[in-house]
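Next up is one chain by itself, shown in C-alpha cells, the form predicted alone.
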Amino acid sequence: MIRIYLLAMVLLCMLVSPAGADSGKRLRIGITLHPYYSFVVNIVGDRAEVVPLIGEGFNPHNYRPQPADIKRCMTLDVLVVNGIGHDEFATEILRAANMEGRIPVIQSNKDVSLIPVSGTLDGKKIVNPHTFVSVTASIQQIYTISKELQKLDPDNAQEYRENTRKYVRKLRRMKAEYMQRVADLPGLDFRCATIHGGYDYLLQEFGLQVTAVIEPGHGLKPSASQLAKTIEKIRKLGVEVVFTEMNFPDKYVDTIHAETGVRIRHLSHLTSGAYTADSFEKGIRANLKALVDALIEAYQLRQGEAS
C-alpha cells in the first residue's frame, strides 16, 4: 500500500509540475504573429523551441484554422498571443484542439497602454491591436512575455532575463538613433495619411498623429465615393505624405498621388515573410527610416518654400 501511495504521489507531481520544470525537456512555445517569433526567440535563445501556430504567407486577419494547425497546437506547452484583435484564429485553434484552458496563454499586451479606435463593435470598446509596430510598445510586450516565461521555466529564468535585457538595449539604441535624426527639427508640423489604421503606435513615438486613414477597415478597399472624400480631406488638411503598405493596390495610391500631388512612402505591417529572429528588428528599422526620412524631407521642402 505504501508503495502504491508513493507511486501515486510521484504521478501527481508529474501532472502538476509547471511546464519546463523537467530540465531535460525544452519548452515548446507557440506564437501567433511574426513579431512575437522574433521577441520569443531573442528571449529564450536555444533554451526553448519557438513554434509558429500558422505557416508563413497567410493573412492573420482572415485566417481560418487548418488541420495541421490544430495538430501543432496540441504539442505546445504555452502560447503567446496578441490577444486584442489581431489573432482571433488562435482561440479557434485552441478550441478545436481541445487545448483551451489546458495550456498557459500569455497575453502580450496586458501591460501596454492601448490606443482606442473610434466606434464600437458589438457594444464593446475597440483598441488598435497593432502594438508591435512601435518600439516602445514592443519593448513592454517583450518584458511581459519574458516575465511569464520565467515563471513557467524557472530553470532558465536567469538566461531569459539576461537575453531580454540585451535585446531591449539593442531596440532602444535603434530607436534613439532615429529619434536623434529629427531631434533638432524645430516646430515640426507634419501631416500624413495612412492606408492602414495600424500605424498610430509608430507615429505616436514621434509625437505625431494620423490626419486621415484611407482604408475603411483593414483589408477593405475604399469605394469610389470613399476615395473621393479622402482625397478632398487630404487637400483640405494639407497632408504632405501618404504612408502605404507594400501590398496595397497601386491604383488607389496612384489615384491619390495624381489628384493631390502628395508624396507616397511605404511602411511595413511586420506580419508577413519568413519567421526569423531578426525579422522584427529589420522591419521596424525600415519603418523608422521611412518615417524619419519623410519628416526630414517635409522639413527641408518647407524651408525651401519659406526661402
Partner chain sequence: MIMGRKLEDMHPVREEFVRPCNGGSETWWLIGCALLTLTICSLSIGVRKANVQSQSLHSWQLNAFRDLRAEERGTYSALYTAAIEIDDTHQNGDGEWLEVSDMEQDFVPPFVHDAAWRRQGKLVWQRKLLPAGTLDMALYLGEPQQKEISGSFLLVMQHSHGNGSGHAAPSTHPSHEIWYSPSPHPRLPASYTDQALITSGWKEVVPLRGRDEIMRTKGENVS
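Numbering follows the first chain given and starts at 1. Since the structure is predicted, the reported quantities are computational estimates derived from the model, not experimental observations.
As for the form predicted in complex with the partner chain, it is not shown, yet the points below apply to it.
Though the partner chain is absent from this view, in the predicted complex it lies within 4.5 Å of a heavy atom of just one residue from Ala96, Leu208, Ala157, Val213, which is Leu208.
A single residue from the set Arg72, Lys233, Lys147, Lys221 has any heavy atom within 4.5 angstroms of the partner chain in the predicted complex; that residue is Lys147. Although the partner is absent from the chain shown here, Ile139, Arg161 and Arg169 each have a heavy atom within 4.5 Å of the partner chain in the predicted complex.
In the predicted complex, no heavy atom of Glu92 sits within 4.5 Å of the partner chain. Taking the partner from elsewhere, Asn109 is found to have a heavy atom lying within 4.5 Å of the partner chain in the predicted complex. Residue contact with the partner chain in the predicted complex: Pro116 places a heavy atom within 4.5 Å of it. The closest non-hydrogen atom of Leu237 lies beyond 4.5 Å of the partner chain in the predicted complex. Residues Gly83, Ile84, Glu88 of 72-102 are found to place at least one heavy atom within 4.5 Å of the partner chain in the predicted complex.
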